[in-house]
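To begin, one chain is listed below as structure tokens, in the form predicted alone.
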């Protein structure tokens, strides 16, 4: 979907601890950290350290949706960081 000149990407965010998921609409310039923050707030999770992966690829929190190569319909998974924060 294109709104004005901004492309909206729809992704599914899955909580690996509960198995629940939610849909998000993000722009290409959205940082992965913003997705993490939104997911943690949505599920009222503690602010412990989390990672996001898409398939087998861990996504850098400082990268954007576009830089991470996320595409419409992708599923990303929220995981506790085994090394902590």
Partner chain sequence: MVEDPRYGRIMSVRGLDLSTLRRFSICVVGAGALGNEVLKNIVLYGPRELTVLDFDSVERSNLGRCFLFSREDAETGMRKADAAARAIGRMNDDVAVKALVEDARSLDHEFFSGFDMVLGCMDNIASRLHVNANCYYCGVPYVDGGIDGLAGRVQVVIPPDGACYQCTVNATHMSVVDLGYTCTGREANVPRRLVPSEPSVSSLTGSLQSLEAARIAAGKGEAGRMLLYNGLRNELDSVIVSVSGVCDNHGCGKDENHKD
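Positions refer to the first chain, counted from 1. None of these values were measured; they are calculated from a predicted model.
The form predicted together with its partner chain is left out here; the points below concern that form.
By the 4.5 Å heavy atom rule, the three marked residues 36, 47 and 60 all count as contacting its partner chain in the predicted bound form. Although the partner is absent here, residue 16 lies within 4.5 Å of its partner chain in the predicted bound form, judged by heavy atoms. In the predicted bound form, residue 51 approaches its partner chain with a heavy atom inside 4.5 Å.
Taking non-hydrogen atoms only, residue 77 approaches its partner chain to within 4.5 angstroms in the predicted bound form. The shortest heavy atom separation between residue 67 and its partner chain in the predicted bound form is within 4.5 Å.
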